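First, one chain by itself: the form predicted on its own, in structure tokens.
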Amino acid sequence: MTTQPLLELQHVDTYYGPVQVHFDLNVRVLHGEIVCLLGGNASGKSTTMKLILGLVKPRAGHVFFNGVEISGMATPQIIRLGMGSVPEARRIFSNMTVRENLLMGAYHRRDRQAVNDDYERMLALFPRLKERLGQRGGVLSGGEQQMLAIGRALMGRPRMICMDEPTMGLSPAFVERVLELIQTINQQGTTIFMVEQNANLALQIAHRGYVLQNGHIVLEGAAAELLDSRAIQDAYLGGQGT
């Protein structure tokens, strides 16, 4: 890990119309880290993800990715810079096959041989998907769809993947598998920024974490420290933002 941030949000204020969602938001993700953003329902977590992916524009402040300001960029531009996304509720293409879903993740790439190599790597990383290549994405279980969404993001060869609630709605067995996959992907060189409601699970695999409450960062630090912090429970119980 280097000390230079791969992703940095500096003094960001975000609004939906007249309603302010983020207040002076400052977040840094270093190369090679797993960083989690924690908070209760409607605390502003998903809006943070939308902000990073260009779906929401900040009214004040700046968002940088790999040294480039992306605050005003469209989502496809940000993806081409090396950002991957695993959205909330997976949002795979339900009428496409597993194979087609995976290849859609490489739509912006022109290095065909490397795409083929990455495709084979996905089949090795997700043997369960290999068994279902010809099946439509919509017939997969929730856990299998989450694997497919992660594989699709990896097919873009991202520097960083943003994951929005990656364990939501999964069975305990699949939760454990997805968390193992996130660690494996990170160990293979991909930086991870994950929004998660389950603090205990996220902090067990993260390097650092931030806690968001009412649009403010109220706690931040090493994951191990946050995991042992009584204050994190208070922050969770109090979140009421947007």
Partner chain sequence: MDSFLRVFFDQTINGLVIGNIYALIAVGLAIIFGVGNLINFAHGSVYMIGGYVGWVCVTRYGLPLPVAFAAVAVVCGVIGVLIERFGLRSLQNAARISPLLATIGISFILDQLVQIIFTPDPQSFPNPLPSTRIPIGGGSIGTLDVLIAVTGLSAAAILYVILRYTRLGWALRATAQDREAALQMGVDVNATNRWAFALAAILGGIAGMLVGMYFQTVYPTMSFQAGLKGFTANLIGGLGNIPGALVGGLVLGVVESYGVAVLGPSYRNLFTFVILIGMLIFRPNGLFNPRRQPPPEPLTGTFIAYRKPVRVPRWAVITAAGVALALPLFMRDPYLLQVLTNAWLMGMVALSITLVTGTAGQMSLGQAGFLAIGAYTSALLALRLGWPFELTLLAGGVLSAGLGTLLVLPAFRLRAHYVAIATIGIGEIVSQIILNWDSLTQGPLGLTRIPPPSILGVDVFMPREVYWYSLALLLLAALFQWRLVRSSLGRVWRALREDEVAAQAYGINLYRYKALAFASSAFIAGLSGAFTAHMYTYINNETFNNSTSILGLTMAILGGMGNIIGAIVGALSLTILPELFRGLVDYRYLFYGLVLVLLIRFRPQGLMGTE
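Predicted model only: the values in this text are computed from it and were never measured. Positions refer to the first chain, counted from 1.
Below, we turn to the form predicted in complex with its partner chain, even though it does not appear here.
Participant: Leu133 near its partner chain in the predicted complex, any heavy atom under 4.5 Å?
Facilitator: Leu133: no, not in contact with its partner chain in the predicted complex.
Participant: If we define contact as a non-hydrogen atom of the residue within 4.5 angstroms of the partner, is His207 a contact of its partner chain in the predicted complex?
Facilitator: Outside the cut-off, so no.
Participant: Please check if Gly82 has a heavy atom lying within 4.5 Å of any heavy atom of its partner chain in the predicted complex.
Facilitator: It does not: once its partner chain is placed as it appears in the predicted complex, Gly82 has no heavy atom within 4.5 Å of it.
Participant: Flag Ala114 as yes or no: does it have a non-hydrogen atom within 4.5 angstroms of any non-hydrogen atom of its partner chain in the predicted complex?
Facilitator: Contact with its partner chain, no.
Participant: Heavy atoms, 4.5 Å, its partner chain in the predicted complex: which of 28-36, 45-53, 61-69, 187-195 makes the cut? Say which one.
Facilitator: Selected stretch: 45-53.
Participant: Any residue of 104-125 with a heavy atom within 4.5 Å of its partner chain in the predicted complex counts; write them all down in order.
Facilitator: If the 4.5 Å heavy-atom criterion is applied to its partner chain in the predicted complex, 104-125 yields Met104, Gly105, Tyr107, His108, Arg109, Arg110.
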